[in-house]
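Here are two versions of the same chain, shown separately as structure tokens and labelled structure 1 and structure 2.
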Structure 1
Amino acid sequence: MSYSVGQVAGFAGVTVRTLHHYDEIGLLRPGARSAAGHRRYDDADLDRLQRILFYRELGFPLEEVAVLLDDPDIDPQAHLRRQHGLLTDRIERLEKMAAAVERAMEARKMGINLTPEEKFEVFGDFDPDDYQEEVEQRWGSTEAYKESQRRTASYTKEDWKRIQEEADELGNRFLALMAAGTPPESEAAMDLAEEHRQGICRNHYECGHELHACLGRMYVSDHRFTENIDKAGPGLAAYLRDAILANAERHG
């Protein structure tokens, strides 16, 4: 079972040119070529194309789509789950917009006028804004940051929730150690720090021990991190840093 460009274009609802383009940029190379040099797509290619079109539909640039599809730790099921998550996120966003439009209709009936900021609330408040800017200033050119951007772009709400839960749980285990009076240089604390590092690797970016140590120091030196972490329990940031540094030294 193999198909020509025309056939594939037919049931995928794209043009032949699009398939040529995907071949050119290496996003979808047909499994084979006929003797005459004609592209021949097999079933696996169709599956891949389906995924490509799905992510494209949701606005991902083709380059990112390629990264997603070639990521070895995303199997077919994981893709379906992720797709479902992305869809529900998107639906939620549109429903909020619809609700905002309804409110606007109400407001107009009553002759209310909105402030400039309010006028754009339709699009949802994605406003880490000035903070985001500083992040770009400090980290924009590093590899780790770029990788994080790439990976988190396709995270759904459920993904974020899971990551948050993981982090909370880890925090609680650190707090338990602190409460028990276990020193941050102890085996147990260092093991937790190691788990912390691996969590970052899984969810955000490749984080070696050295980078992890930098991160730990910043948890204390940058008060915004400190405050945020200490919300779970005062002193946690400092304890975390010490455990991280001890763990880094152990592996260095």
Structure 2
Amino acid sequence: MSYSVGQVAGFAGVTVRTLHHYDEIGLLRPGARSAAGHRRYDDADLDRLQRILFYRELGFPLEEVAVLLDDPDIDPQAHLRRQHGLLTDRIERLEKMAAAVERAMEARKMGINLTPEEKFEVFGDFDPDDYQEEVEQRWGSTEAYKESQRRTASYTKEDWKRIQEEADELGNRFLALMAAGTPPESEAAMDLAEEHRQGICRNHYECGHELHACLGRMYVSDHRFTENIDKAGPGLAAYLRDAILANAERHG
């Protein structure tokens, strides 16, 4: 059984020109020619072509492919073992690449399109990616989460820097009230709590007073939030919670 160059090109998904080139450089010479001089390929030629295309897929140059295939010390079984080993290595690399892409997709869903250096510049040593999986598990089905995803998807580094600067400025004003001995139930503290809520509404999602109160409680009940907030000043998380709860009660 023999096949024309057009048939082989169709089988292998290559161009006729490629097969002509392989013939010209001695990489794949057809086993026979027709009476008219046309190339005819047999099953052995197809096996060799399959090995050629495999090595090419893995990035081997044609010169090296020729050396591998023409090595008299390597039998077909050895080629299969080599191919299996190379495939296994490539699968491992592709899996790592896929994992990296998945992490990038998660960061994209968070709207954080920043380099590691930019993330450190914006967030300091707090990396939102560390909490992405937990965030999705706890709030992924809520409208607030979905709205936040939509809004932040287009945020740039400058947007995140602005948001962080607003948060820092608000935190400093809370610290000033604490230093002055102002109770968290005071009008001044409740007004700052309201600014905090409105910032969430403006930058992330619509945050009603009831939801805001839940966030305030979490700032103290979850030690990770407490530790992060209290970096600005000891006791800030508890003060912020109390001011948020007082403001929520003020608004019914």
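Residue positions are counted from 1 along structure 1's sequence. Bear in mind the structure is a predicted one, so any value in this text is a computation, not a measurement. Rigid core: the largest C-alpha set superposing within 1.5 Å between the two forms.
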query	finding
Identity of the form predicted together with the DNA, given as 1 or 2	1
R17: Cα shift of 2 Å or greater between the two structures (core-aligned)	yes
Large Cα shift (2 Å or above) at T88 between the two structures, core-fitted	yes
Core-superposed comparison between the two structures, E57 Cα displacement 2 Å or beyond	yes
Once the two forms are fitted on their core, CA shift of V8 between the two structures in Å	43.5
